Ligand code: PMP
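Just one chain follows, in the form predicted alone, and it is written as C-alpha cells.
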Amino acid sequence: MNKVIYFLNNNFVEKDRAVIPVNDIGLLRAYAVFDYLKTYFSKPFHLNDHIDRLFKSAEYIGLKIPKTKSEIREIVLELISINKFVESSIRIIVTGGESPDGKKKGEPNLIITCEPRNEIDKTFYEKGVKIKTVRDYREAPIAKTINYTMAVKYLSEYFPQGYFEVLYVHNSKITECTSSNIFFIKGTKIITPKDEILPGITRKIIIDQASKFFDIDERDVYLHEIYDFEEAFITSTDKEVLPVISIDTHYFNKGIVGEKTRKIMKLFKSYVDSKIWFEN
C-alpha cells in the first residue's frame, strides 16, 4: 500500500512524518489560516481562487505566506500527481510558526495535505438536512482561520440531535453556518447574507450560475424572515449545494426538498461537468 504524501515547508514527506513544533503559535493561539479544496476529474477545482483567498486571509491577520501563489499551485498539482487518488481533498495551512513566548510570531509553517476526496452521504441531497441556530458569530469572518472552537462545540452538541449544521445569528441577522454559506429562495429571487461571512468559492459560483435564472439579492437577512421563504440551501466546497428542509422548528416546503433548490443543484453539477473551470 502506497503511503500518503504531504508537503511541509520545503519537502514532500510521508504523512506520519509531517510534524511541526508543539510551540507553534498556530497550536498555542490558533494563529493560522487555511483553505480547503477538492478535485473533480482529478483536477483541483478553482485552485487559483482558493489560493487567492488563502493569501487574503493571511493578509487580514498579518501572517506572511512563505511561498508565492504560483509555487503553492505547483505543489498542489504535484501532490495530486504523487498520491494518485481517484479524487482528492487538499488542505493548505499556514501557521504563525514556532513562538519563543506563545505570543510572538516565528517563521511560518506551510502544510499542504492531500487525502482521498471527502464525500457527503447521498441521502442528504435527496431528503435535505436540518440546521440549528445559535446566537454567535465567527471571529474575523472574512478570513478563513483555523479557529473553529465554537463550531466544534456546537456541532458536537447538535449533530446527535439530528441537526447537520449550525447557523450563526448575530444581532438578529443570519450570517453563515459553521462551515458553509446559506441561501434562501422566494419566488424568482435568491436571497443570501452579504456581510459578516466568509466569501465562499462555491457561493460565488452559485451566484454566477443562478443569476441566469433568478434575481440575486445579497443583503442583510433577519431571522424572522425565514417564515417568508419557500426554500433554503447551503453551499461549501465539501457540501456543494445541500438542501435545507428546516431551521430550528420551522420547515420549508413542508419538509420536502423544493424544485427550485433541485434546479440550483443541477446548475452546479452542470457547471462542474462542463469542465470550463479547468484553468481556474
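On a predicted model such as this, the values are computed, not experimentally measured, just so you know. Start at 1 and count along the sequence shown; that's the residue number.
Note that the form predicted together with the named molecule isn't included here; everything after this is about it.
J.: Sort through 25 to 33, 213 to 221, 46 to 54, 64 to 72 and report the only stretch with a non-hydrogen atom within 4.5 Å of the named molecule in the predicted complex.
T.: Going through the listed ranges, the match is 46 to 54.
J.: Please tell me which of Gly96, Gly200, Gly128, Pro193 lies within 4.5 Å of the named molecule in the predicted complex, judged by heavy atoms.
T.: Looking at the other structure, the residue within range turns out to be Gly200.
J.: Which one, Tyr148, Phe85, Tyr158, Tyr137, lies within 4.5 Å of the named molecule in the predicted complex by heavy atoms?
T.: Comparing distances to the named molecule in the predicted complex, the residue within 4.5 Å is Tyr148.
J.: Answer with yes or no whether Thr39 is in contact with the named molecule in the predicted complex, where contact means some heavy atom within 4.5 Å.
T.: Output for Thr39 is no: heavy atoms all beyond 4.5 Å of the named molecule.
J.: With a cut-off of 4.5 Å between heavy atoms, is Ser179 one of the residues that contacts the named molecule in the predicted complex?
T.: Taking the distances in the predicted complex, the answer for Ser179 is yes, it comes within 4.5 Å of the named molecule.
J.: Using a 4.5 angstroms cut-off on non-hydrogen atoms, would Ser246 count as touching the named molecule in the predicted complex?
T.: It does not: once the named molecule is placed as it appears in the predicted complex, Ser246 has no heavy atom within 4.5 Å of it.
J.: Just to confirm, Asn253 within 4.5 Å of the named molecule in the predicted complex by heavy atoms?
T.: The answer is no: Asn253 has no heavy atom within 4.5 Å of the named molecule.
J.: Using a 4.5 Å cut-off on any heavy atom, which residues of 217 to 238 would contact the named molecule in the predicted complex?
T.: Residues within 4.5 Å: Thr235, Ser236, Thr237.
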